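Given as structure tokens, the chain that follows is alone and in the form predicted alone.
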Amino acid sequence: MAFQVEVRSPIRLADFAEFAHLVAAVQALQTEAQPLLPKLADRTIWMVNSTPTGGGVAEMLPTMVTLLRDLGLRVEWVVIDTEERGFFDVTKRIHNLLHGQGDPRLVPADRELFESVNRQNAAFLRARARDGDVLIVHDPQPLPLAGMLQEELDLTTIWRCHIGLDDETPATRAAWEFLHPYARVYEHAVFSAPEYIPHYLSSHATIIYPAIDPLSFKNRELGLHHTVGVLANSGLTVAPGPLVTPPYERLAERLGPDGRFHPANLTGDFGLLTRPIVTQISRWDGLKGFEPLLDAFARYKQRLLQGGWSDHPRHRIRQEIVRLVLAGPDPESIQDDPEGQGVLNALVERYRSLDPLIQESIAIVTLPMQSPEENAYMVNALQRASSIVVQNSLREGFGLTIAEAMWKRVPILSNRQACGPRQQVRDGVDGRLIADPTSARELADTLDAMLADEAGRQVWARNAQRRVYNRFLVFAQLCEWLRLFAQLPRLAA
């Protein structure tokens, strides 16, 4: 059964306005909201998704809800839930199909389960929503809700889809045909890229980029001592001295050569504070490109062991001491991603097949999710400790981890194949985009070129932060949402 998420963020618009570089963005949002507030005064905006933690949607919603409330709107967040574990197997298959992956055969039993779980969850909203309210449903999992609720309620309905593929394949056609009966009843749809919009929604769809909260635990500025403290308290590094704060209750765990996970600093320090670090942080998803990145880095180190690479003394040292971090959440903590453990298991087996000398240069890390605050701080500190952040996704709806790292002035290595990264990263301006995320040679060569170009990395880092400020902060996102509300006939009247 669905449940309501209690959002109690202490951060308000006034807190953002205390930072000189955010004042103008806050004022623009307040100005955008003023004409619309009277028209929404008696309505509740219901945000609905499928998980309270893990993934970009769950990370964005708390700030969106908080700031919209701070502007004077009534906003609630609801998460659908079920004990039918097969439901999330079906929705994960749909997710993969929308990215062009998997068996396109969806059978009547899949549709029956998809509808029955949503009908059970619709009862929760039916008892709370009122005529005139606004229903915003995120992604495919809760998609049938609008049609079910509109049987009894007069709602303004918007579907916010964060995923898609910029190509039509048998897989994507199967997914969009499956979703068509539920998507067509929505008054409007919102996508992250025009390439993702199916033809039957093209006449009433809008593009709104996802965005980050610059004061969230994951994105706020961390000083030197705070960064070191987080890395040490979470077990990601060995404390270089006494710390003011105690260790976290749950520590990050690192894969050992024996195929088991142990506290990340159990066997000593990995070098996050002193070495060049290349990092990818994502869900354990086969579409995120973890395994090709692992293979590319192993190739990179193998070539070094064989006497290859640079003759330049300083860069030769970088090549020798650089390390790779592949990090993601504890897969047991993400209920709507049943494939996570399998993807991680495959990565474990690939790691175990590597030369022990290469294994020493690679850390596969799981980050505990029991404390969202501590988890966010771990991600923040890992990104800040990185020389390069990689998002090697084969397919990517948008990829907020890219914007997060760009905001922290870290250059990005990604690719043109995935639509989301190329919307954010300009090749040679904010980082580098390769053509093929499965090419170990191209990944290794581009990674080496980025490491060698110290001055270029500094320029890319500055450009990256400026681009996020202009396009991918939460204020710009909410301004777009308010403009959409103002255009919808029943809300604009």
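Source: prediction; values computed, not measured. Numbers for residues come from their place in the sequence shown, where the first is 1.
The following text describes the form predicted in complex with uridine-5'-diphosphate (UDP), which does not appear among the structures shown.
Lys218 belongs to the set of residues with a heavy atom inside 4.5 Å of uridine-5'-diphosphate (UDP) in the model of the complex.
Using a 4.5 Å cutoff between non-hydrogen atoms, Leu367 counts as a contact of uridine-5'-diphosphate (UDP) in the model of the complex. Put simply, Gly399 is close to uridine-5'-diphosphate (UDP) in the model of the complex: some heavy atom of it is within 4.5 Å.
When uridine-5'-diphosphate (UDP) is considered in the model of the complex, Pro329 lines it closely, a heavy atom lying within 4.5 Å. Scanning Gln141, Thr279, Asn121, Asn375 against uridine-5'-diphosphate (UDP) in the model of the complex with a 4.5 Å heavy atom cut-off leaves one residue, Asn375. This chain is drawn without uridine-5'-diphosphate (UDP); in the model of the complex, the residue among Arg254, Lys92, Arg283, Arg160 with a heavy atom within 4.5 Å of it is Arg283. Of the candidate stretches 263 to 271, 198 to 206, 307 to 315, 401 to 409, only 401 to 409 has residues whose heavy atoms lie within 4.5 Å of uridine-5'-diphosphate (UDP) in the model of the complex. Shown here without uridine-5'-diphosphate (UDP), the chain has only Lys288 in 287 to 308 lying with a heavy atom within 4.5 Å of that partner in the model of the complex.
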